[in-house]
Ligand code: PEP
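Before any questions on binding or motion, here is one chain by itself as structure tokens, the form predicted on its own.
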């Protein structure tokens, strides 16, 4: 069984969410599917047969934090997963390794499964080991059995270009050595139905974090139904 995570980002409408739910509910997949819509649409997924996640949470459960998502409330409204540290959150909203770690901790405390994103930029490709080690340093002495990590090379996102099979396997072997052999690892970055099977066949890949293709219902169905 693979983990297939859909990150809608700030996309979708009520009508699209309803159609997505209706069609995906008919899919009989052996894989674990997790859909992370915008926060305003989470409530539409009450009758969804698969899992629901959020795209972000704050590091506190309540308080004067206008516009933030409480991990406690996310759990109460049915979320089981939450993405933290996505590259867009780091680049656009200035999230740091320290703030991502705090969000991870809050998610764990509220019994949400965190999906922690890491990855290098285009100008960091030669130093990817150093970059990933730095992003993960705060996690190395923690219990990670309830955590999923997603490797998303920033240079690949939205470009249609993915690393080679050999490159993915090299990175994932490094991550396994760093985080522990039992750690679940996803790949994210320009995933679609044409390359998903190739990526899922890579050693140590537990699943996928999918962006744009998750907004194409037929595409997402094909990926959900893959046997690997």
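Positions refer to the first chain, counted from 1. What you are looking at is a predicted structure, and each value in this text was computed from that prediction instead of being measured.
Beyond what is shown, the protein has a form predicted together with this ligand; the following relates to that form.
Screening 112, 136, 157, 148 for any heavy atom within 4.5 Å of this ligand in the predicted complex leaves a single hit, 157. For the candidate set 186, 191, 57, 36, a heavy atom within 4.5 Å of this ligand in the predicted complex is found for exactly one residue, namely 191. None of 97-105, 83-91, 118-126, 68-76 except one has non-hydrogen atoms within 4.5 angstroms of this ligand in the predicted complex; the exception is 83-91. Although the partner is absent here, residue 216 lies well away from this ligand in the predicted complex, with no heavy atom inside 4.5 Å. When contacts are judged by a 4.5 Å heavy atom cut-off, residue 9 counts as touching this ligand in the predicted complex. Contacts of stretch 191-214 with this ligand in the predicted complex, defined by any heavy atom lying within 4.5 Å, are made by 191, 209, 210, 211, 212, listed in sequence order.
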